Each structure stands twice: as structure tokens, then as C-alpha cells.
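Before any questions on how it binds or moves, here is one chain, the form predicted alone, in C-alpha cells.
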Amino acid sequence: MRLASSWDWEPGQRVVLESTKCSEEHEWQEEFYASPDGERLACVVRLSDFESGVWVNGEVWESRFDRVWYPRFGPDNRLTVLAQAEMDWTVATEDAAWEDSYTYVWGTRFSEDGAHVAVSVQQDGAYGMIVDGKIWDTLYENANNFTLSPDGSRSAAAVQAIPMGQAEVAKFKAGVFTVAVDGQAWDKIVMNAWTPVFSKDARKVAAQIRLTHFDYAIAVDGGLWPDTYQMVWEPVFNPANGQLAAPVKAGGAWGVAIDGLMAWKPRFFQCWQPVFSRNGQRLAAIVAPEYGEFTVAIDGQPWSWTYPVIDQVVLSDDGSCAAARAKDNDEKWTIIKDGKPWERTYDMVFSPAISPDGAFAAAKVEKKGQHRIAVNGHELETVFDQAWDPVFNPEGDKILVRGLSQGKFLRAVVPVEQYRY
């Protein structure tokens, strides 16, 4: 959000690109990606049978590669791609490739400010991470659930620390997995480890742990919470005070534990995807009060509306409001905000955005193959062939809209006061 303060927030619509056609001879263009500030549009372009390039705002990068994959704009609006040349892969940002290349790279990740870029790597049959072109000193025969700290200073993954042959069941039961941080494995070896997460300040790392077939735990920096549980889900750090919350199953029901102490009494059929507000004052999660009926709980209190599917929960910065997307029994999607669904439903609703004060929720919606942007249940006028998720300005009184319409790339800033409930 701090980065967005420097963007152009003058209300109105303008055409960024009159045409999305490539300026050079080519065989095809792939999917388009818009920068967060809406000023640039990019895609991979196949120039010939043996050459690919990167197209940005009508022009192709000078660098050419055998293949290009996974173009992504970082939070700072810089474009990064994965590129292959002479059978090896590397990372290129704004037409500048990393010095070294590798057997395979994937899963681009950015720090919150976009200054740091990380990828997962396979090099000579071993796995790990690369951050800003520097590969882990130690790689592993199995690694997954890769993550980068918010500030980009540290990286982590669940790794297999002990070799294991086929059908070595006893060795697996004794434990072969752990978490590696910046390539260094924890001393604690367990049956399984999943989803390492960093605290806001990158000083702590937590993960889901399975100790036996029936006992699960939460680990922090290699040490375990005192209690074990029937199951756990991915933990989340409070960005304000560093406390760690995790959905846990105890006595046949799900609740939330914070720093090892039960904070939400176990009373749900399911509880997952917890999220804190930016100020750390509120904790939300998806819960199922009854089997197959999902809703959102705020500080342990569920909304009254339930749906077969709910996900993508977001909280306002101050924690006063929450929104999520929901699918009903007719396979139609909508946004539910503070427990109340929008009146209109759609073939698809994408990730909701919520203003810092919680007064407005916005989302990209799809009906009959066309995209529009909706704010507090009201659709904006422009219809797009393709659109991107809306973004609120830091003050929360405008949204940035980005989309393709009739071959043009459009950018609009829309005041949202008229859509206040």
C-alpha cells in the first residue's frame, strides 16, 4: 500500500495502449499481465521456432531466449520472467538476467516492496531456493512449500534432511523431514513438515509438523508448542506483536491456538486460512459450524450466513470489516462482507479487495465470459474482455481499474464514495 501512494490517482479513464499487437514478426503471443500501477502490459511472445521474447507495452526486450515462462510484475512494478537458454534456466528482471543459470527454476516470489526476487531451484537433482541470484549453500533431495520472508531477507522450505530409499517405512516413521531456513536445516527431524511461514520482522519461522500418524504440532524455530493435536493447519503470525496463531483440532473439533494456548474453543467442524488485520487487532478464519456449511469467524464468532464454499478472506487494515468470496448451491459466486452477501451473483468472483477503513469491498467479477469490476455490489460501467483485480488507494476513496477492451489496454481511477452502503 505504501508503494501505491506514488501511483497516478487522478480520477478518470485513459488508454495506455491503443493496440496489444506485437511490433515484430511472431508466431503467437501468450497471456497478458498488467503491472500493479496499470501503466504497463506484458506477455511472452514466440518469435520463431527457436526464439522467445518478452513483450512490454508494444515493444520486445532486446534479450532473446529459447523459452520464456511465468512473467510476473513485482509490487514495485518491475517485470520478472523465467528464461531458458542452452537448456538451463535463469531469472531476468527488466531485461537483465542473473549471472548464473540452473537445471530448472520456478515459483517466483517477491518481497513486499518488490526489491528482492526469489525462486525455487532444482540443480543436478537437488532442491532449494535462490534469492537475488544467490543459491542456498545446501540443497536437498526433496524440498517443497517454499516461502520468502516479507522483507526478502530470508527464505525457507520444508525439506527431506535424511535420505530414504523406496519402501523404507520404518525410517519414514522415525522422521526424515524438517524445515530449512536459508538452506540450513533445523535439528528437529519429524515425520512431515509443511508450510513454513515467517514473522513480519523475519526473525521467526513456524510450520505445521506431524510427529506420528496421529499426532500433529506447531513448530517455531525448531522448537515445538507444548501440546500436540489431532490435526493442524498453516499458522500465521500477528504482524503487530509477533504472536503465532494456528487452527488446531482437539477433541474432535477445530479451534485456534495462539502461542500454544487455546484462544478459540474447539467447536467447529473445520477451521482454516486464518488472517490477521494489519494492526493485529482482529483475527479471521474460515470455519464450518456444521458439516459442509462454511462461513467466516471473527475472533471466534461466526457469521450467520453459510455457503458450500468460502475462501479469499481479507480484513481491513483496522480490523473493523472483513470480506470473502462465496459460492452457493447453484454454482454462482458472490462477495460476502461483514456477514452480508451482495445481492448479485456471478459465474465467477475473484479475490476481493477491501478499503483500509473497511467501508468498501471491490472485486473482479465474470459473467458470460466478460469481466467487470464491482464495488459494494454495484458494477462499474466498463465491460472488459480481460480485467485485473482492483486496487484501493492508501486513503481508500478510489480504486484502480485495469483491463483489456476491444484490443485496447485501459487504466481508470474511480472514486468510490457513491457506492458507500
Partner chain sequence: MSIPGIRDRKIEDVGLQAGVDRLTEDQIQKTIKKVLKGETGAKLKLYAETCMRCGLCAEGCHYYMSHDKDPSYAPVSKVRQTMWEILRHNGKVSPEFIYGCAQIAYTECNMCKRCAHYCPLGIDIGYIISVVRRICHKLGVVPLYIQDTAHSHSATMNQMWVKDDEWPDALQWQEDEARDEIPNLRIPLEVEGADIFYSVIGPEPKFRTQLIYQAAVLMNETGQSWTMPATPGWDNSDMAMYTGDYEVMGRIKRAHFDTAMRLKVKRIVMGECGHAFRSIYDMGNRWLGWKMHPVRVMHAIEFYHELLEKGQLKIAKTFDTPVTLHDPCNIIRGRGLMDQAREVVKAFCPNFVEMTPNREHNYCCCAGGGVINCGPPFKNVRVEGNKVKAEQLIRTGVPVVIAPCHNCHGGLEDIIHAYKTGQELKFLIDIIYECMEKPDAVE
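Positions refer to the first chain, counted from 1. Please read all numbers here as calculations on a predicted model, not as lab measurements.
Keep in mind that the form predicted together with the partner chain is missing from the display, and what follows is about it.
Out of the listed residues E379, D357, E39, E366, E366 is the one that sits within 4.5 Å of the partner chain in the predicted complex by at least one heavy atom. Out of the listed residues A257, L283, V349, A118, V349 is the one that sits within 4.5 Å of the partner chain in the predicted complex by at least one heavy atom. Partner contact region in the predicted complex: 310 to 318, out of 220 to 228, 275 to 283, 310 to 318, 257 to 265, criterion any non-hydrogen atom within 4.5 Å of the partner chain. Using a 4.5 Å heavy atom cutoff, none of D76, Q301 and R420 lies near the partner chain in the predicted complex.
Taking non-hydrogen atoms only, R46 approaches the partner chain to within 4.5 angstroms in the predicted complex.
The closest non-hydrogen atom of E51 lies beyond 4.5 Å of the partner chain in the predicted complex.
When contacts are judged by a 4.5 Å heavy atom cut-off, K337 does not count as touching the partner chain in the predicted complex. The closest heavy atom approach of R344 to the partner chain in the predicted complex falls outside 4.5 Å. Residues of 267 to 291 that come within 4.5 Å of the partner chain in the predicted complex, judged by any heavy atom, are F269, Q270, W272, Q273, Y291 in sequence order.
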